[in-house]
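Here you get one chain, nothing else, as C-alpha coordinates; it is the form predicted alone.
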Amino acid sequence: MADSSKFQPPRGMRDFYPEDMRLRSRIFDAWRAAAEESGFEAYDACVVESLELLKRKAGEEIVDQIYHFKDKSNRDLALRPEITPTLARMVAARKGALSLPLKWYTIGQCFRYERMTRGRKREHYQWNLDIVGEQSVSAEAEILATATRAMQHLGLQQEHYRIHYSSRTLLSALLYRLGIPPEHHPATFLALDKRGKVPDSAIFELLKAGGIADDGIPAVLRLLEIRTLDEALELLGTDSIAADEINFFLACAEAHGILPLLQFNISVIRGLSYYTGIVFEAFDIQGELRAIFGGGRYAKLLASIGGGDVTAVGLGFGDVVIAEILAERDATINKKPRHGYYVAAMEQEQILTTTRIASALRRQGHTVNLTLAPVKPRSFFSKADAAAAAFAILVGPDDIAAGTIRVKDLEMRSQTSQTIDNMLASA
(Lines give C-alpha, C1' and ligand atoms only; values in the text may rest on other atoms or scores of the structure.)
Protein backbone atom coordinates (compact mmCIF):
# COMPACT_ATOMS: atom_id res chain seq x y z
CA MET A 1 0.00 0.00 0.00
CA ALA A 2 1.27 3.47 -0.87
CA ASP A 3 2.32 5.71 2.00
CA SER A 4 0.01 8.75 1.82
CA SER A 5 2.26 10.68 4.24
CA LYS A 6 4.82 10.96 1.42
CA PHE A 7 2.48 13.20 -0.54
CA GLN A 8 2.27 16.63 1.01
CA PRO A 9 1.59 20.06 -0.54
CA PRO A 10 4.72 21.49 -2.16
CA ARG A 11 6.78 23.54 0.26
CA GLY A 12 5.15 26.91 0.93
CA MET A 13 1.78 25.88 -0.59
CA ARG A 14 -1.43 25.24 1.33
CA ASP A 15 -4.43 22.95 1.39
CA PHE A 16 -7.68 24.38 2.75
CA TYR A 17 -9.83 21.91 4.66
CA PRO A 18 -13.45 22.95 5.47
CA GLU A 19 -12.41 24.44 8.83
CA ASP A 20 -9.71 26.48 7.06
CA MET A 21 -12.18 27.63 4.43
CA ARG A 22 -14.37 29.20 7.11
CA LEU A 23 -11.62 31.65 8.06
CA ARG A 24 -10.66 32.26 4.43
CA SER A 25 -14.29 32.95 3.53
CA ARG A 26 -14.59 35.39 6.41
CA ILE A 27 -11.56 37.33 5.14
CA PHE A 28 -12.76 37.29 1.53
CA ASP A 29 -16.26 38.42 2.57
CA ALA A 30 -14.78 41.38 4.48
CA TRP A 31 -12.68 42.36 1.46
CA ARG A 32 -15.61 42.19 -0.95
CA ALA A 33 -17.96 44.06 1.38
CA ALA A 34 -15.48 46.91 1.93
CA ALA A 35 -14.68 47.23 -1.78
CA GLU A 36 -18.30 47.33 -2.84
CA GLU A 37 -19.24 49.77 -0.07
CA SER A 38 -16.68 52.15 -1.61
CA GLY A 39 -17.87 51.67 -5.19
CA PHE A 40 -15.03 49.48 -6.48
CA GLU A 41 -15.92 47.12 -9.33
CA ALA A 42 -14.77 43.50 -9.37
CA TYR A 43 -12.52 42.05 -12.09
CA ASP A 44 -10.54 38.85 -12.51
CA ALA A 45 -7.70 37.66 -14.72
CA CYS A 46 -5.58 34.65 -15.65
CA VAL A 47 -3.11 33.35 -13.08
CA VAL A 48 -0.45 32.65 -15.77
CA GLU A 49 1.28 35.72 -17.19
CA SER A 50 3.86 36.56 -19.80
CA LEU A 51 7.33 36.60 -18.27
CA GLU A 52 8.17 39.61 -20.44
CA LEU A 53 5.37 41.63 -18.81
CA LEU A 54 6.75 40.87 -15.35
CA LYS A 55 10.28 41.80 -16.44
CA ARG A 56 9.09 45.16 -17.73
CA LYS A 57 7.50 45.87 -14.42
CA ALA A 58 10.27 44.74 -12.07
CA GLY A 59 13.39 43.97 -14.10
CA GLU A 60 15.34 40.79 -14.75
CA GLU A 61 15.80 40.06 -11.03
CA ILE A 62 12.13 39.09 -10.81
CA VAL A 63 12.96 35.85 -12.62
CA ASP A 64 14.75 34.52 -9.52
CA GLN A 65 11.68 35.12 -7.34
CA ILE A 66 8.89 33.51 -9.31
CA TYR A 67 7.74 30.23 -10.78
CA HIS A 68 8.46 30.54 -14.50
CA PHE A 69 8.44 27.99 -17.30
CA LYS A 70 8.18 27.49 -21.05
CA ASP A 71 4.96 26.21 -22.55
CA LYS A 72 4.74 23.70 -25.41
CA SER A 73 5.18 26.52 -27.92
CA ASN A 74 8.37 27.62 -26.16
CA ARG A 75 6.80 30.81 -24.78
CA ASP A 76 8.17 32.18 -21.50
CA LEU A 77 5.38 32.22 -18.93
CA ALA A 78 5.08 32.54 -15.15
CA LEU A 79 2.65 32.12 -12.31
CA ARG A 80 1.84 35.70 -11.35
CA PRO A 81 3.75 36.94 -8.27
CA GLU A 82 1.34 39.88 -7.93
CA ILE A 83 -1.64 41.33 -9.77
CA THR A 84 -0.70 44.93 -10.59
CA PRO A 85 1.10 44.13 -13.89
CA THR A 86 -1.96 42.17 -15.01
CA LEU A 87 -4.20 45.11 -14.15
CA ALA A 88 -1.91 47.40 -16.15
CA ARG A 89 -2.07 45.02 -19.12
CA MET A 90 -5.88 44.90 -18.98
CA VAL A 91 -6.21 48.69 -18.74
CA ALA A 92 -3.72 49.22 -21.57
CA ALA A 93 -5.65 46.78 -23.78
CA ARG A 94 -8.75 49.00 -23.54
CA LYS A 95 -7.15 52.38 -22.97
CA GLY A 96 -9.36 54.08 -25.54
CA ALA A 97 -12.61 52.56 -24.29
CA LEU A 98 -12.36 52.95 -20.50
CA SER A 99 -13.73 55.95 -18.67
CA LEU A 100 -11.21 57.15 -16.09
CA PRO A 101 -10.83 57.14 -13.18
CA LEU A 102 -11.37 53.42 -12.64
CA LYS A 103 -12.01 51.90 -9.22
CA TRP A 104 -11.39 48.16 -9.53
CA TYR A 105 -10.77 45.32 -7.10
CA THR A 106 -9.96 41.63 -7.28
CA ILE A 107 -9.06 38.71 -5.02
CA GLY A 108 -6.46 36.52 -6.69
CA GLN A 109 -3.92 33.83 -5.89
CA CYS A 110 -0.27 34.84 -6.28
CA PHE A 111 2.94 32.80 -6.27
CA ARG A 112 6.45 33.88 -5.37
CA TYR A 113 9.46 31.62 -4.85
CA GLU A 114 10.96 33.17 -1.71
CA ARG A 115 12.52 32.19 1.57
CA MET A 116 9.63 31.45 3.91
CA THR A 117 9.28 33.25 7.22
CA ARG A 118 6.42 33.83 9.61
CA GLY A 119 3.58 35.37 7.64
CA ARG A 120 5.13 34.52 4.26
CA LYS A 121 4.20 31.55 2.08
CA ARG A 122 5.10 30.77 -1.50
CA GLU A 123 1.50 31.28 -2.47
CA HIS A 124 -1.17 33.50 -1.02
CA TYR A 125 -4.46 35.12 -1.87
CA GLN A 126 -4.35 38.88 -2.26
CA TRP A 127 -7.02 41.56 -2.31
CA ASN A 128 -6.02 44.30 -4.75
CA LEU A 129 -7.64 47.74 -4.77
CA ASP A 130 -6.66 50.15 -7.54
CA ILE A 131 -7.79 53.61 -8.58
CA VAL A 132 -6.50 54.33 -12.09
CA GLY A 133 -6.43 57.76 -13.67
CA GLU A 134 -6.92 60.00 -10.62
CA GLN A 135 -4.18 62.59 -10.02
CA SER A 136 -5.36 63.78 -6.60
CA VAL A 137 -3.96 62.17 -3.44
CA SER A 138 -7.58 61.90 -2.35
CA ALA A 139 -7.28 58.53 -4.14
CA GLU A 140 -4.70 57.34 -1.59
CA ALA A 141 -7.03 58.33 1.23
CA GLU A 142 -9.98 56.60 -0.44
CA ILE A 143 -8.07 53.35 -0.81
CA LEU A 144 -6.86 53.42 2.80
CA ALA A 145 -10.36 54.22 4.06
CA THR A 146 -11.61 51.15 2.16
CA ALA A 147 -8.87 48.97 3.67
CA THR A 148 -9.76 50.16 7.17
CA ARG A 149 -13.40 49.23 6.51
CA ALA A 150 -12.26 45.70 5.72
CA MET A 151 -10.33 45.66 9.00
CA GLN A 152 -13.48 46.79 10.82
CA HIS A 153 -15.48 44.00 9.17
CA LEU A 154 -12.87 41.60 10.57
CA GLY A 155 -13.22 43.07 14.07
CA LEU A 156 -9.95 45.04 14.06
CA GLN A 157 -9.87 48.65 15.25
CA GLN A 158 -7.36 51.42 15.99
CA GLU A 159 -5.89 49.60 18.98
CA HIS A 160 -4.88 46.66 16.79
CA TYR A 161 -2.80 48.20 13.96
CA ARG A 162 -1.25 51.30 12.42
CA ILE A 163 -0.75 52.44 8.84
CA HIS A 164 2.80 53.72 8.30
CA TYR A 165 3.15 56.12 5.40
CA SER A 166 5.82 58.12 3.61
CA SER A 167 6.36 59.67 0.19
CA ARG A 168 8.85 58.92 -2.53
CA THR A 169 8.30 62.47 -3.77
CA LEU A 170 9.40 63.70 -0.35
CA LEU A 171 12.41 61.40 -0.22
CA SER A 172 13.40 62.39 -3.77
CA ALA A 173 13.30 66.06 -2.78
CA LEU A 174 15.49 65.35 0.26
CA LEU A 175 17.96 63.38 -1.85
CA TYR A 176 18.09 66.22 -4.36
CA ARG A 177 18.92 68.66 -1.54
CA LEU A 178 21.85 66.37 -0.71
CA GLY A 179 23.10 66.83 -4.28
CA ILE A 180 22.02 63.41 -5.54
CA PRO A 181 20.64 63.71 -9.10
CA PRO A 182 17.25 62.16 -9.96
CA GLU A 183 18.73 59.42 -12.15
CA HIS A 184 20.24 57.85 -9.02
CA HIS A 185 17.05 58.00 -6.94
CA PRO A 186 15.44 54.67 -8.02
CA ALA A 187 18.56 52.68 -7.09
CA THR A 188 18.78 54.63 -3.82
CA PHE A 189 15.16 53.77 -2.95
CA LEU A 190 15.74 50.09 -3.56
CA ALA A 191 18.89 50.12 -1.42
CA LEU A 192 17.28 52.02 1.46
CA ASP A 193 14.28 49.67 1.40
CA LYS A 194 16.63 46.88 2.46
CA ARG A 195 17.68 48.74 5.64
CA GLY A 196 17.15 46.41 8.57
CA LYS A 197 16.95 43.37 6.30
CA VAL A 198 20.65 43.24 5.39
CA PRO A 199 23.78 44.67 7.12
CA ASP A 200 24.55 48.36 6.63
CA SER A 201 27.73 47.34 4.86
CA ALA A 202 25.58 45.73 2.17
CA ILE A 203 23.45 48.89 1.96
CA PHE A 204 26.66 50.91 1.53
CA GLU A 205 27.69 48.73 -1.42
CA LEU A 206 24.23 48.95 -3.00
CA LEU A 207 24.23 52.74 -2.74
CA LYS A 208 27.71 52.88 -4.16
CA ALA A 209 26.66 50.66 -7.05
CA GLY A 210 23.68 52.97 -7.58
CA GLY A 211 25.97 55.91 -8.24
CA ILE A 212 26.25 57.50 -4.77
CA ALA A 213 29.75 58.73 -3.87
CA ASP A 214 31.33 57.22 -0.76
CA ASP A 215 31.36 60.52 1.11
CA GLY A 216 27.65 61.09 0.38
CA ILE A 217 26.39 57.75 1.68
CA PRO A 218 26.36 58.63 5.43
CA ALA A 219 24.11 61.64 4.72
CA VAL A 220 21.73 59.43 2.75
CA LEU A 221 21.54 56.90 5.59
CA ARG A 222 20.90 59.72 8.08
CA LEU A 223 17.67 60.52 6.24
CA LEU A 224 16.24 57.31 7.68
CA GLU A 225 16.81 58.71 11.17
CA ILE A 226 14.07 61.31 10.61
CA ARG A 227 11.32 60.50 13.09
CA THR A 228 8.46 62.91 12.37
CA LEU A 229 6.79 64.55 9.40
CA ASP A 230 7.50 67.99 10.87
CA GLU A 231 11.20 67.17 10.97
CA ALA A 232 11.14 66.04 7.33
CA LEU A 233 9.24 69.10 6.17
CA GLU A 234 11.57 71.38 8.10
CA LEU A 235 14.52 69.93 6.19
CA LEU A 236 12.62 70.18 2.95
CA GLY A 237 11.08 73.62 3.32
CA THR A 238 7.37 74.33 3.09
CA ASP A 239 7.39 75.41 -0.55
CA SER A 240 7.37 71.96 -2.11
CA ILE A 241 5.07 69.66 -4.07
CA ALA A 242 5.75 66.87 -1.59
CA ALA A 243 4.61 68.98 1.39
CA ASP A 244 1.42 70.03 -0.41
CA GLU A 245 0.62 66.44 -1.39
CA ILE A 246 1.14 65.07 2.10
CA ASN A 247 -0.83 67.84 3.79
CA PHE A 248 -3.82 67.33 1.48
CA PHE A 249 -3.58 63.55 1.87
CA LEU A 250 -3.73 63.98 5.66
CA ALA A 251 -6.68 66.35 5.35
CA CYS A 252 -8.53 63.74 3.27
CA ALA A 253 -7.64 61.04 5.81
CA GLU A 254 -9.08 63.21 8.58
CA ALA A 255 -12.29 63.67 6.57
CA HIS A 256 -12.52 59.87 6.26
CA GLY A 257 -12.00 59.51 10.01
CA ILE A 258 -8.83 57.44 9.63
CA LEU A 259 -6.18 60.02 10.59
CA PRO A 260 -5.54 58.45 14.05
CA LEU A 261 -4.47 55.26 12.26
CA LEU A 262 -1.74 57.00 10.23
CA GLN A 263 1.87 57.24 11.38
CA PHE A 264 4.66 58.93 9.41
CA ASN A 265 7.62 56.63 8.82
CA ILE A 266 10.24 57.77 6.34
CA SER A 267 11.67 54.24 6.10
CA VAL A 268 8.51 53.03 4.35
CA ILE A 269 9.79 53.01 0.78
CA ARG A 270 8.32 49.85 -0.80
CA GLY A 271 10.78 47.71 -2.72
CA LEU A 272 9.08 47.78 -6.10
CA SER A 273 10.60 50.27 -8.50
CA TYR A 274 7.38 51.61 -10.00
CA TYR A 275 6.17 53.54 -6.92
CA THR A 276 6.43 57.31 -7.38
CA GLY A 277 4.48 59.13 -4.64
CA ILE A 278 2.86 58.39 -1.29
CA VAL A 279 3.52 54.84 -0.10
CA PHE A 280 2.13 52.98 2.91
CA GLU A 281 2.25 49.74 4.90
CA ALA A 282 0.03 48.56 7.76
CA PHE A 283 1.46 46.65 10.73
CA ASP A 284 0.03 45.02 13.84
CA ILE A 285 0.39 47.31 16.84
CA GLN A 286 3.09 45.13 18.41
CA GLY A 287 5.11 45.10 15.19
CA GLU A 288 5.62 41.35 15.43
CA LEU A 289 4.49 40.41 11.93
CA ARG A 290 5.15 41.38 8.34
CA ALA A 291 3.01 44.09 6.77
CA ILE A 292 -0.72 43.38 6.76
CA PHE A 293 -1.16 45.39 3.57
CA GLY A 294 0.81 47.89 1.54
CA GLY A 295 0.83 49.97 -1.61
CA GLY A 296 1.06 53.46 -2.99
CA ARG A 297 1.10 55.73 -6.02
CA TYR A 298 2.54 54.41 -9.28
CA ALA A 299 2.74 56.56 -12.39
CA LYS A 300 4.94 54.81 -14.95
CA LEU A 301 3.81 51.20 -15.10
CA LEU A 302 1.05 51.66 -17.67
CA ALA A 303 3.28 53.77 -19.90
CA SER A 304 5.92 51.00 -19.88
CA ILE A 305 3.49 48.59 -21.56
CA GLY A 306 1.81 51.03 -23.94
CA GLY A 307 -0.99 52.19 -21.69
CA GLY A 308 -0.18 55.88 -21.90
CA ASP A 309 0.83 58.37 -19.24
CA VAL A 310 -1.75 57.32 -16.64
CA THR A 311 -1.21 57.54 -12.89
CA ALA A 312 -2.70 55.08 -10.40
CA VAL A 313 -2.82 54.13 -6.74
CA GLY A 314 -2.88 50.52 -5.61
CA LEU A 315 -3.07 48.42 -2.45
CA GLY A 316 -2.30 44.74 -1.93
CA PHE A 317 -3.70 42.95 1.15
CA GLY A 318 -2.67 39.30 1.60
CA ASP A 319 -4.52 36.60 3.50
CA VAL A 320 -1.59 35.03 5.41
CA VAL A 321 -0.72 37.73 7.97
CA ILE A 322 -4.32 38.76 8.65
CA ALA A 323 -5.27 35.10 9.21
CA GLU A 324 -2.52 34.83 11.84
CA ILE A 325 -3.73 37.98 13.58
CA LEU A 326 -7.34 36.80 13.64
CA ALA A 327 -6.39 33.32 14.86
CA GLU A 328 -4.30 34.77 17.70
CA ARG A 329 -7.15 37.03 18.80
CA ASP A 330 -9.80 34.29 18.76
CA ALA A 331 -8.92 30.62 19.19
CA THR A 332 -12.47 29.66 18.16
CA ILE A 333 -12.38 31.63 14.91
CA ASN A 334 -12.60 28.48 12.77
CA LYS A 335 -15.54 27.14 14.75
CA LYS A 336 -18.51 26.55 12.51
CA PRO A 337 -21.56 28.61 13.58
CA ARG A 338 -24.81 26.75 14.07
CA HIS A 339 -27.27 27.16 11.23
CA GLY A 340 -29.74 25.22 9.14
CA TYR A 341 -31.24 21.76 9.53
CA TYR A 342 -29.85 18.26 9.89
CA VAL A 343 -32.37 15.76 8.50
CA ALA A 344 -32.04 11.98 8.73
CA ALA A 345 -34.04 8.77 8.45
CA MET A 346 -33.85 5.83 10.85
CA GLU A 347 -34.55 3.25 8.15
CA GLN A 348 -34.40 2.94 4.37
CA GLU A 349 -38.19 3.15 4.21
CA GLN A 350 -38.14 6.79 5.43
CA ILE A 351 -35.47 8.02 3.00
CA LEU A 352 -37.94 9.36 0.43
CA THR A 353 -39.85 11.22 3.15
CA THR A 354 -36.70 12.88 4.52
CA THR A 355 -35.69 13.76 0.96
CA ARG A 356 -39.05 15.50 0.42
CA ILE A 357 -38.73 17.33 3.75
CA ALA A 358 -35.22 18.51 2.91
CA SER A 359 -36.34 19.67 -0.52
CA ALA A 360 -39.27 21.59 0.99
CA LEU A 361 -37.03 23.31 3.55
CA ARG A 362 -34.50 24.22 0.85
CA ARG A 363 -37.24 25.79 -1.28
CA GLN A 364 -38.08 27.93 1.76
CA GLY A 365 -34.48 29.18 1.75
CA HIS A 366 -33.08 27.04 4.58
CA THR A 367 -29.74 25.24 4.58
CA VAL A 368 -30.32 21.51 4.96
CA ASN A 369 -27.74 18.78 5.53
CA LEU A 370 -29.54 15.63 4.38
CA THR A 371 -28.11 12.21 5.25
CA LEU A 372 -28.26 9.87 2.28
CA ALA A 373 -28.47 6.63 4.25
CA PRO A 374 -30.24 5.60 7.46
CA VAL A 375 -28.79 6.82 10.78
CA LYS A 376 -29.03 5.02 14.10
CA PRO A 377 -30.82 7.11 16.75
CA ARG A 378 -27.97 6.89 19.24
CA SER A 379 -25.53 8.56 16.81
CA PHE A 380 -27.99 11.04 15.32
CA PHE A 381 -27.43 13.97 17.67
CA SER A 382 -23.65 13.64 17.67
CA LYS A 383 -23.75 13.82 13.87
CA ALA A 384 -26.07 16.82 13.98
CA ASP A 385 -23.74 18.56 16.47
CA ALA A 386 -20.72 17.79 14.31
CA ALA A 387 -22.55 19.38 11.37
CA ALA A 388 -23.23 22.48 13.55
CA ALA A 389 -26.93 22.33 12.71
CA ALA A 390 -29.36 24.64 14.49
CA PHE A 391 -32.30 22.23 14.11
CA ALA A 392 -32.51 18.45 13.77
CA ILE A 393 -35.22 16.20 12.33
CA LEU A 394 -35.01 12.41 12.70
CA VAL A 395 -37.79 10.51 10.95
CA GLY A 396 -38.65 6.97 12.02
CA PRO A 397 -41.50 4.52 11.39
CA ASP A 398 -43.58 5.91 14.28
CA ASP A 399 -43.37 9.41 12.78
CA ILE A 400 -44.61 8.14 9.41
CA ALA A 401 -47.48 6.30 11.10
CA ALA A 402 -48.48 9.44 13.07
CA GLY A 403 -47.92 11.79 10.16
CA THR A 404 -45.99 14.10 12.51
CA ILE A 405 -42.32 14.94 12.90
CA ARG A 406 -40.42 16.54 15.77
CA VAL A 407 -38.11 19.50 15.08
CA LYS A 408 -35.43 19.77 17.75
CA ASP A 409 -33.79 23.14 18.47
CA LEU A 410 -30.19 22.15 19.26
CA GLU A 411 -29.30 25.55 20.74
CA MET A 412 -32.28 25.85 23.12
CA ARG A 413 -32.59 22.09 23.72
CA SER A 414 -36.31 22.20 22.99
CA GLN A 415 -38.58 20.71 20.35
CA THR A 416 -41.78 21.42 18.41
CA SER A 417 -44.06 19.15 16.40
CA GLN A 418 -45.37 19.63 12.88
CA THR A 419 -47.37 17.47 10.52
CA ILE A 420 -45.51 16.12 7.56
CA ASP A 421 -48.26 17.35 5.22
CA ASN A 422 -47.99 20.92 6.53
CA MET A 423 -44.23 20.91 6.22
CA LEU A 424 -44.37 19.72 2.63
CA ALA A 425 -47.22 22.08 1.74
CA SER A 426 -45.50 25.17 3.15
CA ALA A 427 -42.72 25.15 0.57
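Residue numbers run from 1 along the displayed sequence. Bear in mind the structure is a predicted one, so any value in this text is a computation, not a measurement.
We do not show the form predicted in complex with a small molecule, though everything after this point is about it.
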The small molecule contact at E82 in the predicted complex, heavy atom, 4.5 Å: yes
Interface membership of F264, the small molecule in the predicted complex, 4.5 Å heavy atom rule: no
Interface membership of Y342, the small molecule in the predicted complex, 4.5 Å heavy atom rule: no
is_contact(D130, the small molecule) in the predicted complex, heavy atom dist at most 4.5 Å: yes
Sole residue of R290, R177, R338, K194 within 4.5 Å of the small molecule in the predicted complex, by heavy atom: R290
In the predicted complex, the residue from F249, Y274, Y165, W104 that sits within 4.5 Å of the small molecule by heavy atoms: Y274
Partner-proximal stretch of 315 to 323, 255 to 263, 199 to 207, 185 to 193 relative to the small molecule in the predicted complex, 4.5 angstroms, heavy atom: 315 to 323
